[in-house]
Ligand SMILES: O=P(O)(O)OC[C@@H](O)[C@@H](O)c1c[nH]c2ccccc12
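Next up: just one chain, as structure tokens, the form predicted alone.
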């Protein structure tokens, strides 16, 4: 079934022993933040299917049935939160909600965290969940699947990075088409995404990253579509906050060749499932990490070819490029070399010395936006960043 995520990987227990003590063999399938899951719910209450059968035979009021279903759905959300917490994910995917009326179960004594976002990434994630829900009503998944069938073929994002690295001897450049950011505000007033993309390509960029978030980064999927339609040959990364498989299909219909998956907001099971969708659609996936724990998680997930190390904390927006070196030392670095992964250095790269520093740490590509998009001549900005002309001309 489309959207089905496996409940448990080998050796991984998803629920605590206290939950198993309440097992009543109840099965429920629903969408959790867009990722459907099939779970055994620990509850003495009957399943939604049993409830409906009782309604038909005993004439139980429909409002009671609906509340029981809400209880089951709320409890599945709580299990999802438990799983995220167990993996060190601090970003809450949705605002906390109180238990539905009549709930009695393992979460009834759980204290809720404040109902306001604790940082900018959490704020963006909560808004994105609501935004995607609205967009799905206008563009249903089945319609997107049909559109994908008529979409032009994807370009080899990973291959382009490898070729550029071999050609120049420098980390391959993923140049970012970016008008603004929450931390820096407007970066470029006279913003023409197609013109900027074409300048990046002439300057030697191997691939491009296109911000598609409108509210916080002043981007849009129309920019991605326009750049692809203009004939830019560089493979395109859709830079979006993915919380739902629907977004992967949508990005594919708009011309993306790759998508961003942020480990700070996605569980291992979600990343694994989204990677399968990417493979199905011919898309590359850049899995972004910020700390040691997220790096360890990424190295334990099969199928990852690209790992991005973001030197900017998405919680505080503080930048420290030594983060790249720290995450590539020791066992992590050994595993990356063994798996032949491409590591992408992100954020805080402004000078040739910065590029040399992260290259010495082990990166084979860099994703750069602010330091070149602000330049009047992006081509010269790229040459200044690397200390030489890296174009093919």
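Numbering follows the first chain given and starts at 1. Keep in mind the model is a prediction, meaning the values are calculated, not measured.
Absent from the display: the form predicted together with this ligand. The rest refers to it.
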inquiry  = Using a 2.4 Å cut-off to backbone and C-beta atoms, with three or more ligand atoms needed to call it blocked: open or blocked for this ligand placed in the model of the complex and overlaid on this form?
reply    = open
ask   = At the 4.5 Å heavy atom threshold, is residue 310 in contact with this ligand in the model of the complex?
value = yes
message = Given that this ligand is not shown alongside this chain, does residue 378 nevertheless sit within 4.5 Å of it in the model of the complex, heavy atom to heavy atom?
response = no
ask   = Using 4.5 Å between non-hydrogen atoms, is residue 328 touching this ligand in the model of the complex?
value = no
key: Distance check, residue 191 to this ligand in the model of the complex, heavy atom within 4.5 Å   = no
query = Heavy atoms within 4.5 Å of this ligand in the model of the complex: which stretch among 132-140, 233-241, 149-157, 269-277?
reply = 233-241
task = Could you tell me which one of 260, 196, 265, 161 places a heavy atom within 4.5 Å of this ligand in the model of the complex?
result = 260
remark   = As a check of understanding, the residue in 75, 201, 294, 176 with any heavy atom within 4.5 Å of this ligand in the model of the complex should be identified as 176
task = Using the arrangement in the model of the complex, list in sequence order the residues of 362-384 with any heavy atom within 4.5 angstroms of this ligand.
result = 367, 368, 369, 370
